[in-house]
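In structure tokens, the next block holds one chain alone, the form predicted alone.
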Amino acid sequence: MTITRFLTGITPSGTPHLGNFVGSIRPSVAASRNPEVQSFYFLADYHALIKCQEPARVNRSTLEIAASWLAAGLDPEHVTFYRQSDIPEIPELTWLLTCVTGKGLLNRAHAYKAAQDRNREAGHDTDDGVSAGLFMYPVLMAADILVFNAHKVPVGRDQVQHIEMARDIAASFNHLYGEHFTLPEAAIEEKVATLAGLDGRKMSKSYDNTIPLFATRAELRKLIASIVTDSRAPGEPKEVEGSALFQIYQAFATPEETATMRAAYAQGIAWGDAKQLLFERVDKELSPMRERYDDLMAHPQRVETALRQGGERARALARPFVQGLREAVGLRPLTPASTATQKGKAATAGLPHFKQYREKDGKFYFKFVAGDGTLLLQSTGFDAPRDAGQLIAHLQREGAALTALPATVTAADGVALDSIVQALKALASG
């Protein structure tokens, strides 16, 4: 069975609302149950710092969003669920990628161009208020994706450019240093529901028109009652097109329930009755989740434990991968003694790993070493580090499917092909 890696992140900069649930949380939880998908879900708290300089808000939002995902049914035992800032390999990879990313590529990023356009309209300097963080946002996002070699990244159409930029950045690195990165693809979510808010505009914290996902029953009832409707009286037929109330109902109801509500609109249902039906339908789905959410919010250590455990699993994958990238770009030990020290550190980590180095003949070599330091594979010499990197990437990709060794590598004495395959599997699974 072919396993595809999916990666999804949410920036913790506010309280989750019904729009977040329908558009991201609910479909993400459903996708995580697919046995053919290896799912990565993370709290993008580094990204939050770009647009929110309120420490308490970032911290609170991280808890709220993590608790929301867990309350909605995300099982941290079956996915890799982590906090971005718990993975130091991500900012390190960001720098490696920064050094191969053209400024011209970043100049074309939608968020940066939009900020410049706003400044022009206001008569300000084009870069007024634009931080380096905003400008470098696409590189950090590329690192989020590439550190786990994610195959698919679910996004709406407005985010496709970021995935394309991640592909460009990965291709630039691969061209210079060998085929280390899988080129990610955008999994475009054509049917992602974008809910209208209380005032009919898109539900957004920017418009202050949201319905918090886990508001109390009383708060939920009050907010739904405040949804803007037209002046049509009871008995007058009502339009479903453009009705925020109907749109929210449809996002939670079954097709049969939606058809019934549509007929009620045509028959002139009173707005108060329609709002009561909406309240009952939304509360029916959210009530059991709300209980779990309230319990998690009262016991934040449970959320912290889940994130830390997920972070450990994530680092088990990221640590050896980024170490390989360090060596690929030339950040290597200088002496045999320090090489041995590094090998001892890797062996302590308990994971098989590739070791690239250059000999006095000027050629580039690599070894594949077991977690206990046992030599498994030895390469011949290559004229360029990129050639060695490409073969390493080939071996990592083939993994369990490897049936024979390439001519340019040799198994160590007494090491069977099956042992090498098992070590490659262990490396892939982290």
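Counting begins at 1, following the sequence as shown. Because the structure is a prediction, the values reported are computed rather than measured.
Beyond the structure shown, there is the form predicted together with a small molecule, which is absent from this document and is the topic of what follows.
In the model of the complex, the small molecule lies farther than 4.5 Å from every heavy atom of residue 297. In the model of the complex, residue 44 approaches the small molecule with a heavy atom inside 4.5 Å. Under a 4.5 angstroms non-hydrogen atom cutoff, the small molecule in the model of the complex has residue 145 among its neighbouring residues.
Remark: residue 240 does not count among the residues lining the small molecule in the model of the complex, judged by a heavy atom distance of 4.5 Å or less. Only one listed stretch (172 to 180, 241 to 249, 315 to 323, 150 to 158) carries heavy atoms within 4.5 Å of the small molecule in the model of the complex, and that stretch is 150 to 158. Taking a 4.5 Å heavy atom cutoff to the small molecule in the model of the complex, the contact residue among 293, 137, 265, 112 is 137.
Listed residues 141, 307, 215, 286 were compared with the small molecule in the model of the complex; 141 is the one with a heavy atom within 4.5 Å.
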